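This document starts with one chain, in the form predicted on its own, laid out as structure tokens.
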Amino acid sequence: MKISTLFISCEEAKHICDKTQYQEATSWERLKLGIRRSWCRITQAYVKKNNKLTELVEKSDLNCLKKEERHNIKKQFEEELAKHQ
């Protein structure tokens, strides 16, 4: 195994961090991210912010509109817009 396969760029580390957030990263990718994170302050800060964002989104308990409700609102908006044109 070459050493260069263990060292990744900052951009690749950010991509792997995002994949980790959605449980899509492989264990090999997580290992490479961990190595990069151990010495790169930029990656450390990105991972910290990403983890905080994930935590806030999970705690927020968002209630989104259903597809039907969005369609009705869009229809009403278009009707009002047509009246004013």
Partner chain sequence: MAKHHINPNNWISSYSDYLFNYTISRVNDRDMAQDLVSETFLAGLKSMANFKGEASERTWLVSILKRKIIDYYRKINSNKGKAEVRMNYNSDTETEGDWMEERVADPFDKTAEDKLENSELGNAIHNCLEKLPKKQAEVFKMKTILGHDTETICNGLDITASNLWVIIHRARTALADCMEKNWF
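Superpose the two forms; the largest set of C-alphas matching within 1.5 Å is the rigid core. Positions refer to the first chain, counted from 1. What you see is a predicted model; the values in this text were computed from it and never measured.
The same protein has a further form, the form predicted together with its partner chain, not shown here; the description that follows concerns it.
Student: Verify the contact flag for Q76: yes if a non-hydrogen atom of it lies within 4.5 Å of a non-hydrogen atom of its partner chain in the predicted bound form, no if not.
Tutor: Q76 belongs to the contact set for its partner chain.
Student: Would you please decide whether K52 lies within 4.5 angstroms of its partner chain in the predicted bound form, comparing each non-hydrogen atom pair?
Tutor: Judged by the heavy-atom cut-off of 4.5 Å, K52 is in contact with its partner chain in the predicted bound form.
Student: Taking its partner chain as it sits in the predicted bound form, is S38 near enough to touch it, meaning that at least one heavy atom pair lies within 4.5 angstroms?
Tutor: S38: no contact with its partner chain in the predicted bound form.
Student: Although the partner isn't part of this model, could you tell me whether V57 comes within 4.5 Å of its partner chain in the predicted bound form, counting any heavy atom of the residue?
Tutor: Heavy-atom contact with its partner chain at 4.5 Å: present for V57.
Student: Going through 69-84, which residues have a heavy atom within 4.5 Å of its partner chain in the predicted bound form? Please give them in sequence order.
Tutor: Sequence-ordered list: E69, R70, I73, K74, Q76, F77, E80, L81, H84.
Student: Taking 2 Å as the cut-off, check whether the CA of H15 shifts that much or more between the shown form and the other one after a rigid core fit.
Tutor: Stays below the 2 Å threshold, so no.
Student: Core-aligned, is the CA shift for E69 between the shown form and the other one 2 angstroms or more?
Tutor: For E69, whose C-alpha is compared between the shown form and the other one after core superposition, the shift is 2 Å or more.
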